[in-house]
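So this first bit is one chain, no partners, the form predicted alone, shown in structure tokens.
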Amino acid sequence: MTWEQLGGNLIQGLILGGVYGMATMGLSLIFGVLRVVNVGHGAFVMVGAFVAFWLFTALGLTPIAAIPAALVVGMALGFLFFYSVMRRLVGAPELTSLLATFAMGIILEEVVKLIFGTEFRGYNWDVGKMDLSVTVLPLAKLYAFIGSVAIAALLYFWFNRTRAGTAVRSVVEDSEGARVCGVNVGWVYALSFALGIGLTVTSGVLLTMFIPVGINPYMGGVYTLKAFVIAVLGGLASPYGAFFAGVIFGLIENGSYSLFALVPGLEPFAMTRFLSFAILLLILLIRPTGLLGTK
């Protein structure tokens, strides 16, 4: 492996890391507002992947056009699950909400299996490539990264420039104080959960722009693992920390893959998963609030 190859892999990792970060923002948002850990995260990513696949193959719409559709589908699912399940579990013991979100993921996987089957699917959206001398970057991947950055920027603007965003921030700081000041805390919980799920489903579209194959009902497990590592790295309750942590994780993942490939007898892909768990354990031991989080 040459330095050029490593540089190319790091560029690819930077691009993928931005998508990973955006995929984790919804997880962090839900935890930050409701203190609920969504262990069904990967199933919602999977739903977004199928939204992109179906719109592309059935209607001929590009993945970019699937982004707003995925957001609408995700928020609809978020409101549905909140009012049918999560509303009753706000403030309940952590294990209860963990089991509830796990059940949501299982339900989504089985419903999608009934509709689409279990076979692996994919699509081919070829919009050209960019030669960066150290690597050749498909433009679809670049569009996915730009989309991730744009969505993160829009979320930042929404949080800091709108009344609804201000209400969410006030509930994060002190839900009882926000209630006394007239904030409808129940609605904020519902909106935050729906928005978090909407972001997660949308990230599934962006991930298929990067990896347009391997779409199946049980694809979400690996993304749940990565999302938890990224969320802990960035500070579990910080959507912005999650985005930047995703970039860091993408660089580590792609860089380590190149290095593991140099060692005879090692399977690089399996070793990157091992590294994910190792990073998670180290962060929890050294800095439980996350490298980018605060107490």
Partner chain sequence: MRSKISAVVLGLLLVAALSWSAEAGAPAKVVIGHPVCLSGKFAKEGSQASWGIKACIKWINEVHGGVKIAGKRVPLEYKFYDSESKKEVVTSLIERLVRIDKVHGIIAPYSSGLTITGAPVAERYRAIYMSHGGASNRIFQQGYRYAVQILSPATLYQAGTLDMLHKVDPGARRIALAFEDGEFARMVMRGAEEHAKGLGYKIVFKRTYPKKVTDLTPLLSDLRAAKPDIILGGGHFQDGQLFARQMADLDINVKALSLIVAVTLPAFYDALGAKAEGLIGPAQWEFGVKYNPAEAKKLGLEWFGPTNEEFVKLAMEFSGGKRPDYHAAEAGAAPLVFVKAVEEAGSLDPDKIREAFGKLHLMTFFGEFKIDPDTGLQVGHSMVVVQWQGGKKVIVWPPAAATGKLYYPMPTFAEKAKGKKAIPK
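Definition used throughout: the rigid core is the maximal C-alpha set that superposes within 1.5 Å between two forms. Everything quoted here is computed from the prediction, not taken from an experiment. Numbering follows the first chain given and starts at 1.
Below, we refer to the form predicted together with its partner chain, which is not included among the displayed structures.
222 is the sole member of 150, 72, 222, 185 with a non-hydrogen atom lying within 4.5 angstroms of its partner chain in the predicted complex. Every residue in the set 120, 136 and 214 has a non-hydrogen atom no more than 4.5 Å from its partner chain in the predicted complex.
Taking the partner from elsewhere, residue 160 is found to have every heavy atom lying beyond 4.5 Å of its partner chain in the predicted complex.
Under a 4.5 angstroms non-hydrogen atom cutoff, its partner chain in the predicted complex has residue 268 among its neighbouring residues.
Of the heavy atoms in residue 126, some are within 4.5 Å of its partner chain in the predicted complex.
Although the partner is absent here, residue 257 is a contact residue: one of its heavy atoms lies within 4.5 angstroms of its partner chain in the predicted complex. Stretch 222 to 230 is the contacting one of 222 to 230, 240 to 248, 58 to 66, 41 to 49, since its residues have non-hydrogen atoms within 4.5 Å of its partner chain in the predicted complex. Of all the residues from 179 to 199, none has a non-hydrogen atom no more than 4.5 Å from its partner chain in the predicted complex.
If you fit the rigid core between the shown form and the other one, you'll see the Cα of residue 271 move by 2 angstroms or more.
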